[in-house]
Ligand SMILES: Nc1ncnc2c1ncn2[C@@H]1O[C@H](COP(=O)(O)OP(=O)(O)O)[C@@H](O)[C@H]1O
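Shown below, as C-alpha cells, is a lone chain in the form predicted on its own; questions about how it binds or moves come after it.
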Amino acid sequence: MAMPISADQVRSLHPYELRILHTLEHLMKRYEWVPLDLLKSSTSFSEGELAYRLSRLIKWDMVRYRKVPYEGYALIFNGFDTLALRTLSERDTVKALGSLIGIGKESVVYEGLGLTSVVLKFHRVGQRSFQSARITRGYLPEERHMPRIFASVLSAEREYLALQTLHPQVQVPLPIDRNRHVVVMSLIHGVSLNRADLLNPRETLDEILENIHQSFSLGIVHADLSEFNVLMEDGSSYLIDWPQWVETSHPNAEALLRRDVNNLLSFFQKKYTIERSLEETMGAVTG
C-alpha cells in the first residue's frame, strides 16, 4: 500500500505538474488510461514540456504510464494525495502532515496539524474491498469504469457523512473536513480496545453497546465493528472506522449489526469472562 506523498514534494511541485494532475483527474472519469495525445491537447503543453513534467511525476510515483495498446497515463494515489493535501492546506484545515499512526485494510492514517492536532485518513479502496463494497454494502455504482481513486472518494464521503450524522450523540471522532479521499477528524489519544487493560470492563461494554444503540436510533449500523476499531481514551470508548456503514433499512443491516454485536460480546467473554446473551443484547441495541 502506497504511503501519502511527503509535504516537501507537495510544496516543490511546479504549477505545470499540478495542471497535469488536475487534468488526469478530470479525464480519468472517462478513461482508465488517458491517451497521451488527449493529455497534450488538454494541457496545451509542448511535447518536450509535457514529457519532462510527466517524467518527474512518474519518478515521484504520482502518475503511472502504460505503453500498450496505446500510450496512456493514469493518476495514482500519491498524485491524488497531493491534490487533496494542497486543497486542505489552502483551506487552512491542515498546516502540516505528521507521523504515521497506522495502516488499515482500506486506509493509511496520519497525524497532522491544523488549528489543533488532527487525524488525516487517506482512504485506499483495494480491488477486493471494492468488490465487497459493491456486493455487501451497495453504495458503489454498478458501471464498469470506476478507478480505485474514485471508489476511495466515495468511501471517504461515506465515512464523513456517518461522522457528521453521529457526532455528538455517539462517541466518534469530530469530523473537521474532507477533500477527495481524505477525511480530517479530531485526534483521539488512546489505544484500541484489544490492547487496553480495562479497570471496569462491564461499564465499558455497556458504554459501547449504548453507542451502538444510539447509532442504530440515528439510522446507522457500523457493519465492521470489533475490538480493533474501538479506541479507549481516559476510560471512555470511541467508535472509529465508518466507511462501510449501512442504513438500518438496508437488507443486510440486521445481519451486519448482529455480527458487530457478536464480535464485541465474544471479545469481552474471552478476555474478561463477561457473559451476555446475544439475543437479549440485540433486543436492547435495537429497542
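Residue numbers run from 1 along the displayed sequence. Computed from a predicted model, the values in this text were never measured in an experiment.
Form predicted in complex with this ligand: not shown, discussed below.
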Options 202 to 210, 89 to 97, 68 to 76, 185 to 193; stretch whose heavy atom lies within 4.5 Å of this ligand in the model of the complex: 185 to 193
Single option in A84, A156, V119, I149 placed near this ligand in the model of the complex, where near means a heavy atom within 4.5 Å: V119
Contact assignment for this ligand in the model of the complex, among L161, L198, I176, V109, heavy atom within 4.5 Å: V109
Contact label in the model of the complex: I220 to this ligand, heavy atom within 4.5 Å: no
Contact label in the model of the complex: F228 to this ligand, heavy atom within 4.5 Å: yes
Proximity of G114 to this ligand in the model of the complex, heavy atoms at 4.5 Å: no
V261, heavy atom within 4.5 angstroms of this ligand in the model of the complex: no
Contacts with this ligand in the model of the complex - residues in 14 to 41 whose heavy atoms fall within 4.5 Å: none
